[in-house]
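Just the one chain here, laid out as structure tokens, in the form predicted on its own.
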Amino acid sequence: MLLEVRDIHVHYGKIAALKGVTLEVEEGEIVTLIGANGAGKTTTLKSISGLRPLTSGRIVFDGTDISKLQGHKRVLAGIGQAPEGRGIFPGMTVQENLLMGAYARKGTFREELDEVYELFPRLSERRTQFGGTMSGGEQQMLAIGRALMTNPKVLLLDEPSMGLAPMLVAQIFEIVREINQRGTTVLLVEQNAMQALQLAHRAYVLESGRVVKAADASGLLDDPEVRAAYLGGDLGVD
């Protein structure tokens, strides 16, 4: 098992954000977390990447307990994240933003840079453009590309479709599929539950900081409760 999250509890002050979340991600999978706003999806990703400390529980990555490992060391271990809101550096060029993804690594990064530009030709065309002047879709591509520059074993994606037009959403999801087919495991948090479940191999449903369902993604697409809560009932629209 590449990633194991075991009964983790996380608090913001006295408020319990996660109340015993347990999940697994096998190497080569796309796993998605779905749920309403405030369910704990983003907090789960932040806990895995080291941005939120655990109150209790543990996280095991590639056979090693990383529960107390510093965030930058988790990056070096193979955990890359494209955060909610993209978090690009507006005053840096596209290429400078991408190279920031490799800041903790040693050596040259030409191979990774070439692969990012192959996946995102638009970034290659605009490598000297400042990140802050790019469209929302281009910034999302840049955020994912920067995360790939860490050479991750698992890529954490937090709401990659947020604020994007439907055509761009389809493009982003197709690129995520391509990244996975090239060998990178993906843990995806996504409000667009329909597309997330169509893309993923397995899925977990979070409610109020707890996992309430876990199944193959195709099975959850047909689950009446999931359809009613997240897929627009019988219509199956987000």
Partner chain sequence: MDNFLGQFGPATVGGLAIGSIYALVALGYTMVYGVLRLINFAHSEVFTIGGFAAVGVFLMVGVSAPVGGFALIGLLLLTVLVAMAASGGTALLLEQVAYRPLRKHGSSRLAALISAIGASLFLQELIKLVIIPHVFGQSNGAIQLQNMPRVIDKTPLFSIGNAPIRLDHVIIVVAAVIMMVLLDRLVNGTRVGRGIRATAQDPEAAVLMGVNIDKVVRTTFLLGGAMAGVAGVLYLLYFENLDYRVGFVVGIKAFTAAVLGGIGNLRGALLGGFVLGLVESWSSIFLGAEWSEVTAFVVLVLVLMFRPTGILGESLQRARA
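Computed from a predicted model, the values in this text were never measured in an experiment. Residue numbers count along the first chain shown, from 1.
Another form, the form predicted in complex with its partner chain, is not on view; read the next lines as being about it.
Participant: Please check if V60 has a heavy atom lying within 4.5 Å of any heavy atom of its partner chain in the model of the complex.
Facilitator: Heavy-atom contact with its partner chain at 4.5 Å: absent for V60.
Participant: Is the gap between Q140 and its partner chain in the model of the complex 4.5 Å or less for some heavy atom pair?
Facilitator: No, Q140 is distant from the partner.
Participant: Consider L164 of the chain shown here, and say whether it contacts its partner chain in the model of the complex, taking contact as heavy atoms within 4.5 Å.
Facilitator: Because no heavy atom of L164 falls inside 4.5 Å of its partner chain in the model of the complex, the answer is no.
Participant: Is there a non-hydrogen atom of G71 within 4.5 angstroms of a non-hydrogen atom of its partner chain in the model of the complex?
Facilitator: Answer yes; at least one heavy atom of G71 falls within 4.5 Å of its partner chain in the model of the complex.
Participant: Which one, M92, A77, L168, L119, lies within 4.5 Å of its partner chain in the model of the complex by heavy atoms?
Facilitator: Contact residue from the list: M92.
Participant: Even though its partner chain is not shown here, does it sit in the model of the complex so that G87, E96 and M100 each have a heavy atom within 4.5 Å?
Facilitator: Yes.
Participant: Choose from 29-37, 49-57, 170-178, 188-196 the stretch whose residues reach within 4.5 Å of its partner chain in the model of the complex, heavy atoms counted.
Facilitator: The contacting stretch here is 49-57.
Participant: At a 4.5 angstroms cut-off on non-hydrogen atoms, which residues of 148-165 are near its partner chain in the model of the complex? List them in order.
Facilitator: Residue within 4.5 Å: T150 only.
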